[in-house]
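Read the single chain below, which is given as structure tokens and is the form predicted on its own.
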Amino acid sequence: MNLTVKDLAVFTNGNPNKKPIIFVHGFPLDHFMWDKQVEFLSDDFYCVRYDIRGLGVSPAGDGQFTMESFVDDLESVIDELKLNKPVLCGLSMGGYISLRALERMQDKFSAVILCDTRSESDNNEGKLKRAAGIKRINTEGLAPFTKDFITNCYGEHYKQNNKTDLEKRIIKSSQFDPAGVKGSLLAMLGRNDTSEFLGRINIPALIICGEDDALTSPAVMKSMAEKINGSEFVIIKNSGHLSPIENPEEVNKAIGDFLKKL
């Protein structure tokens, strides 16, 4: 079912009377990245996805985004759909949104799944890299930036064995509104550091990381997991930064095992 909440494109699968789980996608992707997880879970859970503002088919508006405005959007979806303590699942930028959402309103959620993400804010080098990305989009257009960024997200195993799917993903993201992609870069560049909050997370947490993730390494994510009391940490084989796409079977097993314990 497709809905609109605050002009955001929202997509639901499963029975609204069952336990809700809300998925927050990565950059520069859209809600389709969670297809395999929704297919796996929709018989037993009410699965809610949405395109982050400015990405997918959610409009960019003026493109002046902050991490706070992204969390506002997430809260609006939860409130509008009257989701009762959903499980929160975010990847990469979706993980940044999820961590800040927990910091602001942890009592709205029953559990959290963080995939290929980090709690630290960008250091100076990272900020300059985001700024360079915005400049590149302004000077060269969106397609060259998108091709390089997305290619770097995937691990070698996926790139070697799924060249057609990789190319389709690059083409699709290259068609997003450049203002939305640049706005997301601004939001990530300006986000706050949630590391100090990790020790105050008091809901069940699953931390998932691709073994070949070049953007948020297993060492980085293991360190984050160790700061969250009682969290589970799972490394996904043959995966880079987009483990739910690259190895959905292992990710689904990890998520399924985690959800059974709730």
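Residue numbers here begin at 1 and follow the sequence given. Every value quoted in this text rests on a predicted model; they were computed, and no experiment measured them.
The following text describes the form predicted together with a small molecule, which does not appear among the structures shown.
Can residue 109 be called a contact residue for the small molecule in the predicted complex at 4.5 Å between heavy atoms?
-> Flag for residue 109 set to no.
Taking heavy atoms only, is residue 210 within 4.5 angstroms of the small molecule in the predicted complex?
-> Although the small molecule is absent here, residue 210 would stay clear of it in the predicted complex, with no heavy atoms inside 4.5 Å.
Does residue 46 reach the small molecule in the predicted complex if we count a contact as any heavy atom within 4.5 Å?
-> Because no heavy atom of residue 46 falls inside 4.5 Å of the small molecule in the predicted complex, the answer is no.
Taking heavy atoms only, is residue 201 within 4.5 angstroms of the small molecule in the predicted complex?
-> No, residue 201 is distant from the partner.
So which of 147, 172, 157, 130 gets a non-hydrogen atom within 4.5 Å of the small molecule in the predicted complex?
-> If I apply the 4.5 Å criterion carefully, the residue I get is 130.
Could you work out which of 113, 188, 78, 97 is the residue within 4.5 angstroms of the small molecule in the predicted complex, going by heavy atoms?
-> Looking at the other structure, the residue within range turns out to be 188.
Every residue of 27, 215 and 241 near the small molecule in the predicted complex, heavy atom within 4.5 Å | Contact check passed for all of 27, 215 and 241.
Heavy atoms within 4.5 Å of the small molecule in the predicted complex: which stretch among 69-77, 85-93, 175-183, 135-143?
-> Going by heavy atoms within 4.5 Å, the stretch is 85-93.
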